[in-house]
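One chain comes next, on its own, written out as structure tokens in the form predicted on its own.
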Amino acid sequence: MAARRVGILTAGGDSPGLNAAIRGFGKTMIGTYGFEVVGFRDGFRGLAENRKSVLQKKQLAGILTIGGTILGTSRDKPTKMLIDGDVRDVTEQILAVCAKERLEGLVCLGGGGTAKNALRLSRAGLNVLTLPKTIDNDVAGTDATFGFATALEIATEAIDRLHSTAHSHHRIIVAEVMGHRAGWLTLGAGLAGGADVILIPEIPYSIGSIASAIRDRVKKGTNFSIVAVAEGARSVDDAKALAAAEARVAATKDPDARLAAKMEIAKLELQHEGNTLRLTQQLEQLTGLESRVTILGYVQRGGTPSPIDRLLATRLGTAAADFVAAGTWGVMVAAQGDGIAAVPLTKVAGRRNTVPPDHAWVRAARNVGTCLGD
């Protein structure tokens, strides 16, 4: 009698803890439930092309502490995949691959975008389950995503190290931290690293307010400042323009009006590139302090996952195996409190976990005198 089979892939950006989750899921499926686990290379593209490998226990050994993903990843979408110069919907092709490989279902490790793609596949008739990974911690329905804790440690250490240079040279140092639409990583690292200014997407900033806070520090005898800024942080005016364009997209069903609004969003996103450098230059002009910028970039996503991320990824991976064995599909395996929950993909896809304006971290930052730019 043939063994029962399940597929697994990683999609979207890489994140610390992916291999720990693959290991936890694979070892439990193979050792506890007797399944064959079929890994697909490079996300949904590898699935569509049936680039597979049946994972063995020896392939899962020794990967707990390794960064990245042994399966590879990509940002390709099943409904919009570029193939030979054309954008195609390969959903039916993916369903055919899963049928050919006798898969009972597919486990996808990814963030918010992966949840959307998984929901589309679920509605097309495929059994799908997801695990939440992202350093941004912005996936709805879960208390935490694996990858965040490691990135938080890396970003905090970077801010710690920048203090000595800022203090020695009497400079403003602006550290750009990842986070396009959610400020958890910047807020957490800025608060833990003692940043003097923290700028996140959820709280639009005024350059005048930031400069004033820095000048006040100088008056009190502190001639340096650390500014932690999320890559998606925007000024008040820029944030209003983006919100207005997004509201137009949501409010109209007219194709031409939607296209015009989407083009406006694309224009605003293009204009936002290099924002951290412009912010640094503006602060130098307004304060008279020499200012430098450091962009942490992909270093935040690489390297050995922290113990917290290894633990979380292992918990979620093994729980995912339990759900698969029980036939629970169409859900995301979420960390909630001390337990695990199966959150319907309909409550995850299209939603984002952002920083509430009254969150405890925000209140703590304000209470210790950190400028949030507003």
Ligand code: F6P
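The first residue of the shown sequence is 1; numbering continues from there. Note that the structure is a prediction, hence the values are computed from the model and not measured.
What follows is about the form predicted together with this ligand, which we do not show.
From the list 101-109, 174-182, 258-266, 217-225, the contact stretch for this ligand in the model of the complex under a 4.5 Å heavy atom rule is 174-182. Heavy atoms of no residue among Arg161, Asp196 and Thr276 are located within 4.5 Å of this ligand in the model of the complex. None of Arg88, Arg123, His169, Arg75 but one reaches within 4.5 angstroms of this ligand in the model of the complex through a heavy atom, and that residue is Arg75. With the partner omitted from this view, the residue of Thr150, Thr134, Ser291, Thr142 that lies near this ligand in the model of the complex is Thr134 [heavy atom within 4.5 Å]. Taking the partner from the other structure, this ligand in the model of the complex has no heavy atom within 4.5 Å of any heavy atom of Glu202.
Taking non-hydrogen atoms only, Lys116 never approaches this ligand to within 4.5 angstroms in the model of the complex.
Using a 4.5 angstroms limit between non-hydrogen atoms, Asp238 is distant from this ligand in the model of the complex.
Proximity of Arg301 to this ligand in the model of the complex falls within the 4.5 Å heavy atom cutoff. Although this ligand is not shown here, in the model of the complex the stretch 346-373 places no heavy atom of any residue within 4.5 Å of it.
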